[in-house]
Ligand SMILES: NC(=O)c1ccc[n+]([C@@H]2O[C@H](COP(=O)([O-])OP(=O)(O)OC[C@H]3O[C@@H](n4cnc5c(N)ncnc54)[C@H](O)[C@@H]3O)[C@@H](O)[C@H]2O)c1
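In structure tokens, the next block holds one chain alone, the form predicted on its own.
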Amino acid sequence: MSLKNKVVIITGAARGIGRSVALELARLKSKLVLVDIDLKELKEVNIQVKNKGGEVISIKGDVTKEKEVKKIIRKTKKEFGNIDVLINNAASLLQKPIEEIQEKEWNSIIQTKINGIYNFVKNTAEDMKSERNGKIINLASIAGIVGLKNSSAHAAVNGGIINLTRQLATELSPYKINVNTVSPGVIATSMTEDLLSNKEIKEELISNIPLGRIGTPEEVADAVIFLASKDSDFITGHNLVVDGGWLTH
């Protein structure tokens, strides 16, 4: 999977899946632009990437604000030139019964995941079209496919991401731009740490996973890297599920 010198933007890069993707791309010698609202942790990832010999810039930015996204795109092009790969990973976790979800919480989930993708795709598509080249990978979740406990917000937003990806693939394929989704199942990250610290809940979750364990961020990163690489050139509009077999039930 040759991604050497490819310019890759990763949102939500400070931790979890985003961090794992960044470190693997650093090993593959990609040129990285790491975006997150958590500057402290972002700086730590930046150091790890540089220790692997990777070229990298880190930018504190809010994906929900188009003005900030435009600045990120401009800085990327100034530093590295054209953008080859966009990985929309920024996310947050909200698990509550729907009657307990506050309007502000609901809107935050929608804005981060749906609006974040909209802002970045809108502002990178023109350049990718002119180059007739590009890979866009949107991170969703199996919550967009199957019902999960107290996950109405995630069901709505991730179902939207999966269908938005299909539509974008249709629109952008004439320009040789591939757009795909990766939908993880239960993955051990800082976002799920509190949930998985409850032994009873963890055992219940594992009982739904045929492979009998929780997934790792590195395993999701492998799927993302595949879709970012030339090996996936004939794949677009696809939703690659990484769930240990959850959806086989």
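One-based numbering along the sequence shown. Keep in mind that this is a model prediction, so the values were computed, not measured.
Beyond the structure shown, there is the form predicted together with the named molecule, which is absent from this document and is the topic of what follows.
> Sort through Asp38, Glu66, Glu44, Glu218 and report the residue having a heavy atom within 4.5 Å of the named molecule in the predicted bound form.
Selected residue: Asp38.
> Just to confirm, with a 4.5 Å cut-off on non-hydrogen atoms, which of Thr124, Asn178, Thr112, Ser151 contacts the named molecule in the predicted bound form?
The option sitting close enough to the partner is Thr112.
> My question is simply whether Gln48 lines the interface with the named molecule in the predicted bound form - judged by any non-hydrogen atom within 4.5 Å.
Flag for Gln48 set to no.
> Can you check whether Ser58 is within 4.5 Å of the named molecule in the predicted bound form, heavy atom basis?
The answer is no: Ser58 has no heavy atom within 4.5 Å of the named molecule.
> Verify the contact flag for Thr76: yes if a non-hydrogen atom of it lies within 4.5 Å of a non-hydrogen atom of the named molecule in the predicted bound form, no if not.
Taking the distances in the predicted bound form, the answer for Thr76 is no, it never comes within 4.5 Å of the named molecule.
> Would you classify Ile201 as touching the named molecule in the predicted bound form, given a 4.5 Å non-hydrogen atom cut-off?
Ile201 lies outside the contact set for the named molecule.
> If contact means a heavy atom within 4.5 Å, which one of 166-174, 126-134, 99-107, 140-148 is the stretch that engages the named molecule in the predicted bound form?
Residues of 140-148 come within 4.5 Å of the partner.
> Since the partner is left out here, which residues of 62-90 would have a heavy atom within 4.5 Å of the named molecule in the predicted bound form?
The stretch touches the partner through Asp62, Val63, Thr64, Asn89, Ala90.
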